[in-house]
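The chain below stands alone and is given in structure tokens; this is the form predicted on its own.
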């Protein structure tokens, strides 16, 4: 119980300290496990080539070797798509994207057909997506083939056609007929324009490149921001197109930005902290549960991870690489003497260049103005790649803190490639064993304050104290809490619970004064002195509903920083309270336990009435004989009447029905016997129903035969 209480308090405290500082973790093994779960082929293949590419790209980024074998099915789909004359530019685009990873062999004739088809699509393109798929397909086929002569005939004209969809705020439209613009379309446009630049046979007009760089700056002016420095893009609903969420929109912009930066010279005027803010956005998401969102996250982080100089439409990235500072554990124990371990990596967890990590400040959640530490450099461990501070400073006690780190790159050249931010604030939580001392409980005289009875308590174990008091006395409970550093400790929660025999409970908050804790319970709750009082029960009789009797006492002391939070039984106190007046408040009805209402009920024991006394056996046999006499009389009557078999049919079919009719009558008589001996009424009626239908059928047939035979005799 105490462990559950401590865990709940840790959760609350982590939520509260995360409001001031955020801890971002690079991609971890949980992402790799999620990739295998989310990208699972259905019967060896994915639904589309787009999904195939996203799965293969994700596996490629993570370097997952033991991945589902989808290469064979992917190559079949790619071959069918590139060899079909009805494939659209979108189909060819995703087929070539998947082939860039699957590396299937495309026939030379098919490659020529693809180039011709995509060039025609570029010429006929009228929307942004038309340009995106056709230009992107040409870039991919150029990268995958040995041909160097794949160019756009009028690259500058195509560039201007795409640029015509841009807006003054840096966003782009999907088509000239749609006035709505979006950041998602801006990312697509930048990726398309990067492809046009790479396909140009000669250098484009630099004024076009400069104008586009200015548009990128305007687009980043409209970026959304959180308090912790996280940056992201978002759109309003765009008519005619499905709304994309912040994750896909930000991923699109970042992919377009890095693709364009890879094919142009010069710098794009973007603050480096904005790239770091975008990295924080993707890492702050955690592990998405949707395959599409997961791909957007990982693909964007891969662009931030790499700094490639080669031009590939789906990998090109030449922007500052963010470095992420993370902790091995954000919770440190003074009891275990945990070390502060800091790791600096890229967003995908790759090693950072040589650098120095300094702890430049530590601020308590209570006092956020003055730092508790001076600047101190962490020791780098070459084997583990961690920066370690072995011993926490004496000024750091249990509680929540915000540590401020500063990362300095050792090589000046690395500052042009990597971005870290000036200082990084990280939430730290320090726990420890709190010392519990001077615990005692006593009953005092209300007037003189003299001790009637007093008991020492061990709050680390169950106690069995028995006290008694009347309404003119008071009770005192006292204890001290001390941190591992010797300071007075104030827990977040301290309660004293009294439970009556009738299950009525009363909970009182324990206050603190100085180094000890106290609660004074009179008519109202207030604090007094350095002890815990249930002062003068006369003021509490109404709260206790005038219920005299035994009250079990239970003390709860809990805090997230307290490794030994307690929920301990103290014992009980026998209270002798006055009789309740006529209009006194009554105890509230106790909630009904649902398990007692819907659970197994008590077993019902039923005693049947004793059977009636039976008559003597001789009398019963005599009565049986009397019931058989009518049957004997029936047979005697038949003999007296001269019954014979002369009219029994001789032909096979009538004779069969006659036999069956008599067998049916015999079966009915036998059924009566079984009814008398064994069967009940319902069983008998069920069988009798079948026999009745049978007798009606065969009886009708034999009687019809006898009637026909009689008619022939009369006519003769």
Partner chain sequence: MAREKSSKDNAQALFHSLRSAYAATPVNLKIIDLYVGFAVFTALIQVVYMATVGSFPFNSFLSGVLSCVGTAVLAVCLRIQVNKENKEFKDLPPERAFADFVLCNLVLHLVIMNFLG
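Positions refer to the first chain, counted from 1. Predicted model, so just to flag it, every value in this text is computed and none were measured. For the two forms, the rigid core is made up of the largest set of C-alpha atoms that agree within 1.5 Å on superposition.
There is another form of this protein, the form predicted together with the partner chain, and it is not shown here; the text below is about that form.
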*Go through 631, 370, 366, 507 and name the one with a heavy atom inside 4.5 Å of the partner chain in the predicted complex.*
631
*Option touching the partner chain, based on a heavy atom within 4.5 Å in the predicted complex, out of 612, 413, 205, 391*: 612
_For the partner chain, considered in the predicted complex: do all three of 129, 209 and 212 come within 4.5 Å of it, counting heavy atoms only?_
no
*Please check if residue 657 has a heavy atom lying within 4.5 Å of any heavy atom of the partner chain in the predicted complex.*
no
*Could you tell me if residue 661 has a non-hydrogen atom within 4.5 Å of the partner chain in the predicted complex?*
yes
*Applying a 4.5 Å heavy atom distance criterion, does residue 168 contact the partner chain in the predicted complex?*
no
*Classify residue 598 as contacting or not contacting the partner chain in the predicted complex by the rule of any non-hydrogen atom within 4.5 angstroms, answering yes or no.*
no
_Interface stretch in the predicted complex with the partner chain - options 49 to 57, 33 to 41, 677 to 685, 649 to 657, non-hydrogen atom within 4.5 Å_ = 677 to 685
*Does any residue in 627 to 660 get within 4.5 Å of the partner chain in the predicted complex, counting heavy atoms only, and if so which ones?*
627, 630, 631, 634, 637, 638, 641, 643
*Does residue 685 count as moved between the shown form and the other one, where moved means a C-alpha shift of 2 angstroms or more after fitting the rigid core?*
yes
*For residue 124, is the CA shift between the shown form and the other one at least 2 Å following rigid-core superposition?*
no
*Determine, after fitting the two forms on their core, whether residue 59 shows a C-alpha shift of 2 Å or more between the shown form and the other one.*
no
